[in-house]
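Take a look at this one chain, the form predicted on its own, written out in structure tokens.
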């Protein structure tokens, strides 16, 4: 466990690009939810943040996304400290997020949802029509998530799995050109196994495909282990607010502390580990 943590800390502290979390702590009154967490996520990486309920995943995620201010430590993106920036300011710097429950505009069409988030969209006036705002760019993003044939459909009519894909396209639409950070809060929550597998392969491809969107770093939290093992390039494990393991799926699945206190000792024998 110590070696794995040491590699993670050196990895995060020795490189200034991408997402770097340094000695992150968050207190709520007398409760210390996050205790000295260090890690990094580089553009081109898909990294999962896992752990049991109460481990500090949501708090860590919220400190990175801007919903919580860290009590101490630093969150950096491309060498810039984010601690004092609001979520909207982070979006301007190439950081977008999704939520456990898909957040979309159900009164709009699928295409309009994406058009509304495109950076090129000017401030709307009564004389402007949303449908005319960058339709080609919006359609290209819908094609990336497999929703181009449903572009004219009302968003409220989509299945829940499709709404998750639409939210993903909306997050991508909000990013500017250049390296981006995509934060996904339990992207597979509420999906059937087949939908979950398809969505997570899409998430993996977003980090690995520089053609679709320039050099994305992807960090996501998840409870479904089939959405982690075989998908993530690296896995970070939090317990009681501390990072107890960091490494490949195979390394994490063989970690005694993780198996004993979280995954269960039979986990590695079930064939759950392996990259797609």
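Positions refer to the first chain, counted from 1. Everything numeric in this text was worked out from a predicted model, so none of it was measured.
What follows is about the form predicted together with a small molecule, which we do not show.
Interface membership of residue 54, defined by any non-hydrogen atom within 4.5 Å of the small molecule in the predicted complex, is confirmed. In the predicted complex, residue 244 stays away from the small molecule, with no heavy atom inside 4.5 Å. Shown alone here, residue 33 lies within 4.5 Å of the small molecule in the predicted complex, counting heavy atoms only. Listed stretches are 35 to 43, 246 to 254, 225 to 233, 55 to 63; the contact stretch with the small molecule in the predicted complex is 55 to 63, by a heavy atom cutoff of 4.5 Å.
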